[in-house]
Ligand code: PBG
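To begin, one chain is listed below as structure tokens, in the form predicted alone.
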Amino acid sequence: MKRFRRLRSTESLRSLVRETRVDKSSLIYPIFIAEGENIKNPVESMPGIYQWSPDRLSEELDRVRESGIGGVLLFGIPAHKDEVGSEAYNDEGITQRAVRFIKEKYPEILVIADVCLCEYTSHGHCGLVHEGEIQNDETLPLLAKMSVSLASAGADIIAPSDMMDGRVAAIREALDGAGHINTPIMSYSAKFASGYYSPFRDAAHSAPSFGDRRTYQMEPSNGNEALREVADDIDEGADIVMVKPALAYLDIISRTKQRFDLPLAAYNVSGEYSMVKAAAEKGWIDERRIVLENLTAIKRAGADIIITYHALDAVCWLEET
């Protein structure tokens, strides 16, 4: 009889033969930056997550620096929104100012800048709208302009999340043309039209005012198409690819990692976070155990980088194990 339990009898043995390890340097923490002063607004649907104004951002960045995690992913919430999302590519916009602040005060923190128009448009869609339809090609120059503006502000990585066709190529050409040839692109390559995003839309004030995003985000049932999306982004110049959400798409993470050799990110999204927090607050689950199990599953599936709202808590728990 084989005795698999021999290597499970103590924590030291279990640790010795552990196949998958979550390292704090692979965790990325999303942060929401709001226009204004003295703002620390709790996101009701995401316990423990806040919207921060630039003057109070250090409170969160001090925690990030102390944690030693891999970096932050920034989402801006402007005071002004319009049909063309003009604040997205305003060099003095909320996100650009936040990037400059972080690179000046916390130069050691890696800054990833999300690129999408949804937080900046009055209609809440990720691209320009004409007669109720999202315009793909007309949106690309604005995404490229936003990317150059954020890279010029000091962003270390540009992360387009809009799911417009051809945006990676457009952004790469614009970055190179502006002299940012060494700024990598982390593309939201397989981003599904998921019900797991609802709390994020509360946090980022980015819910669409009409319709939904199914005409440009991916159909959840399509796995082969996800691989085609990833392959296309790689051909266009992506340096890192991403699957979003994570937990309901572990098979896509695994298939992507097996087929492609680029660094792979997975986004442990707001709905996944909020379900854990809600169940933990009810006392139905052990939050620490569930979070570490979820992160291990994402890592085991093949993710090199995990974007998660649990990042700062997870670091403390990882250090206890």
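So that there is no doubt, residue numbering starts at 1 and follows the sequence shown. Everything quoted here is computed from the prediction, not taken from an experiment.
Only in words, not in the display: the form predicted together with the ligand, which the text now covers.
Interface residue remark: Glu119 is counted as part of the site for the ligand in the predicted complex, having a heavy atom within 4.5 Å.
Proximity of Asn136 to the ligand in the predicted complex falls outside the 4.5 Å heavy atom cutoff. Of the heavy atoms in Asp114, some are within 4.5 Å of the ligand in the predicted complex. The shortest heavy atom separation between Val269 and the ligand in the predicted complex is within 4.5 Å. Figure note: of the listed segments 174-182, 219-227, 188-196, 92-100, the one touching the ligand in the predicted complex, with heavy atoms no more than 4.5 Å away, is 188-196. The contact residue chosen from Arg214, Arg201, His80, Lys105 relative to the ligand in the predicted complex is Arg201, the criterion being a non-hydrogen atom within 4.5 angstroms. Taking the ligand as positioned in the predicted complex, the only residue of 288-310 that brings a heavy atom within 4.5 Å of it is Tyr309.
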